[in-house]
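This document opens with one chain alone, in structure tokens, the form predicted alone.
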Amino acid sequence: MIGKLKELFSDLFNSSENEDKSIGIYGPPNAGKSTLANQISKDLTGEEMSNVSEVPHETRTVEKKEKASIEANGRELEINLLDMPGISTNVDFKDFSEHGIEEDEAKGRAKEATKGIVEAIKYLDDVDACLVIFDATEDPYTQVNVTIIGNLEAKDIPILVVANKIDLEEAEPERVRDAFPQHPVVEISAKEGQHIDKLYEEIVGRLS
């Protein structure tokens, strides 16, 4: 009887260790979330997973890539990658019309983007960890960014901050480190694939 109980508990713990980890990519619009999601997805599965555009809120629903395996330092981690809509406190249709989109379509996109933000926030109950990506060429200490970090901290969700666009001359990733010193920061260029291996090492090291 005791032997069967030990076997049962062993199976339960092994099952927990082998579960896929769901990782959400959060951040403000145009920080490079979908570019990073595509870079990771291409590396791990050979396929991109999201559309990328200069127009804000291009990702308006949660995009998923399931059961992708990351390997780093001799360890492997199976993940479900979730590319979230950009988080913002206000979505104005003019954000779209400024990019040449007709008013009716712009208003439709604004509604979809607002729904997407709500969907992304709901997913906080389903993710095991988050990559929070910021544009290293911009001031990271904004109301939106502080709100994103604060909500994740309130839910005790592990956070890895990603300072993106370091390939650009005006990038200042140290400002991201200074703004959120309580969290680990990885400096990358999602577009150029720069330091992506370091990002994988951090993900596997912290979640496996």
Partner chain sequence: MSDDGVTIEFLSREKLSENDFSDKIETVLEKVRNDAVLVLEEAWTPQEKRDLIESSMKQVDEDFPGVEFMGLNAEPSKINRAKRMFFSKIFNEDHRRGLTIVGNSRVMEKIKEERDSVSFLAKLEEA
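Just so you know, these numbers come straight off a predicted model, no measurement behind them. Numbering follows the first chain given and starts at 1.
Omitted here: the form predicted in complex with its partner chain. The next part is about that form.
Contact with its partner chain, judged by heavy atoms within 4.5 Å in the model of the complex, is confined among 28-36, 46-54, 145-153, 160-168 to 145-153. Interface membership of A179, defined by any non-hydrogen atom within 4.5 Å of its partner chain in the model of the complex, is confirmed. Contact check for T137: no non-hydrogen atom falls within 4.5 Å of its partner chain in the model of the complex.
Interface residue remark: I101 is not counted as part of the site for its partner chain in the model of the complex, having no heavy atom within 4.5 Å. Contact annotation for A129: none of its heavy atoms lies within 4.5 Å of its partner chain in the model of the complex. With contact defined as any non-hydrogen atom lying within 4.5 angstroms of its partner chain in the model of the complex, the contacting residues in 117-138 are I117, V118, I121, K122, L124, D125, given in sequence order.
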